[in-house]
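Taking the form predicted on its own, here's one chain by itself in structure tokens.
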């Protein structure tokens, strides 16, 4: 009897087996031969599941973003105030060496997508934006419901998204201290939007 392989599960397994390799080598230096070796399959088998190297990289980055979202939601739940939740969400990629390695890969991905943004990359970026906007919206709504911040704060979702992406870019380009920038930004922002103590 023939073995039935779930193609999506196999794709995911190959991508997961190569994630460390991608973090070590970066996108440009990753080869199909390395991917095949890391996954324990032949180079030809790689092409049964992926169109090209970029397709594999995209799958790995998708897995990283899913994990980032899971961790963000988990950490946000532990914070009491809207400001603390925003601090955790915006600062998550700057926590430790593990996060900084993922951040470096994300920065490389951003650079590539800006230069050669394929429809798949654009769609993925829009999906991530939608998910993160939803998380930010929930944080702001909770802050409004608890009487921490004014109702006009709902209009800050896009600005928070742009600030977060700007910190990601500037931390690479100018070497800013991201966590300090985030703290200063939120201190200033909350001076403008806060309306009282937590209920």
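Numbering follows the first chain given and starts at 1. Small disclaimer: the values here were computed from a predicted structure and weren't measured.
The form predicted in complex with a further copy of the same chain exists for this protein as well; it is not shown, and the discussion that follows is about that form.
Is it the case in the predicted complex that 17, 66 and 135 each bring at least one heavy atom within 4.5 Å of a further copy of the same chain?
No: no residue has a heavy atom within 4.5 Å of the partner.
32, 150, 142, 41 - the one with a heavy atom within 4.5 Å of a further copy of the same chain in the predicted complex
Looking at the other structure, the residue within range turns out to be 150.
Quick one: does residue 114 come within 4.5 Å of a further copy of the same chain in the predicted complex, counting heavy atoms only?
Heavy-atom contact with a further copy of the same chain at 4.5 Å: present for residue 114.
Answer for residue 110 alone: is it within 4.5 Å of a further copy of the same chain in the predicted complex, judged on heavy atom distances?
Flag for residue 110 set to yes.
Contact test in the predicted complex: residue 9 vs a further copy of the same chain, heavy atoms, 4.5 Å
Although a further copy of the same chain is absent here, residue 9 would stay clear of it in the predicted complex, with no heavy atoms inside 4.5 Å.
Using 4.5 Å between non-hydrogen atoms, is residue 80 touching a further copy of the same chain in the predicted complex?
Answer no; every heavy atom of residue 80 is more than 4.5 Å from a further copy of the same chain in the predicted complex.
Heavy atoms, 4.5 Å, a further copy of the same chain in the predicted complex: which of 32-40, 66-74, 50-58, 163-171 makes the cut? Say which one.
Among the candidates, contact is made by 163-171.
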